[in-house]
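One chain comes next, on its own, written out as structure tokens in the form predicted alone.
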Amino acid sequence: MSEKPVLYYFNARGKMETIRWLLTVAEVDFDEVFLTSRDQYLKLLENGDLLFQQVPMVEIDGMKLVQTRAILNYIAEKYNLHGKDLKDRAMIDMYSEGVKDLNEMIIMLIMSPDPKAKLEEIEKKAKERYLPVFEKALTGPVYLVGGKLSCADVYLLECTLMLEEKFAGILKDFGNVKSFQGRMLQIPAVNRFLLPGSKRKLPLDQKTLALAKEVFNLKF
């Protein structure tokens, strides 16, 4: 068995991208297996590798972990990115869940029957519901919780970059968040991940969506 974690997913961002980000910031190299056919997926099912018949799936430390949040929590705990105590972890989890809500809206945009209206909704919620929370939290502190880098910081960085891909200048009224982003971008592992040729993936597109439908035999 490979000593590196092995990630099973499509060759796109989707729900695996945050896992890629977290491993990258933890400076953990990983291998990837891309799903390209239904037979490949059925083989994973036959082997009992997919507990709930879904990906992402990550092989790590002799386990085959599924469910995105469980995978992220394991990585965060293993690499000391989940706070120093129970109170820190509660705050980290609250911020993380907020970021996840916003991230999922962006990820699922491609599924929307009215992308323009959905984009307007995402921008409004980002500006009115989510970004103000992080702007306030980052008034003074370098990181979101406990003065120390955590998984919540990694998730927020990823989210701000995704937002800027969709809405240029969206952070102009959120100076603390923009400064935080700038600090995070100075982390060497982050800087490398953003370079061409890294393991960072492109957003989900129609071609990958069609492949996912084929692999999972979806009819919608």
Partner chain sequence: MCDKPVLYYFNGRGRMESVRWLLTAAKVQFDEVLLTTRDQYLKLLDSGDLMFQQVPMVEIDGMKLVQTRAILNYIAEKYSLQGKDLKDRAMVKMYSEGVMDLNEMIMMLPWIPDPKAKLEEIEKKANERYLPVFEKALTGPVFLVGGKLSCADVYLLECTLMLEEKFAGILADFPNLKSFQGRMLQNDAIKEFVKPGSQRKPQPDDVYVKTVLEIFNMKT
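Every value quoted in this text rests on a predicted model; they were computed, and no experiment measured them. Numbering follows the first chain given and starts at 1.
Just so it is clear, the following notes concern the form predicted together with its partner chain, a form of the same protein that is not shown.
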TODO: Tell me, please, which stretch of 162-170, 183-191, 44-52, 22-30 lies within 4.5 angstroms of its partner chain in the predicted complex when heavy atoms are compared?
DONE: 44-52
Open item on the list: residue 91 versus its partner chain, in the predicted complex: is there a non-hydrogen atom within 4.5 Å?
Closed with: yes
Open item on the list: I'd like to check something about residue 86: if you look in the predicted complex, is any of its heavy atoms closer than or equal to 4.5 Å to a heavy atom of its partner chain?
Closed with: yes
- [ ] May I ask you to check whether residue 67 falls inside a 4.5 Å heavy atom distance of its partner chain in the predicted complex?
- [x] yes
Open item on the list: Does any part of residue 112 reach within 4.5 Å of its partner chain in the predicted complex? Heavy atoms only, please.
Closed with: no
Open item on the list: For the three residues 16, 59 and 135, which mark the spot I'm curious about, does each lie within 4.5 Å of its partner chain in the predicted complex through at least one heavy atom?
Closed with: no
TODO: Note that its partner chain is not shown here; using its position in the predicted complex, name the residues of 67-85 with a heavy atom within 4.5 Å of it, in sequence order.
DONE: 67, 69, 70, 73, 74, 77, 78
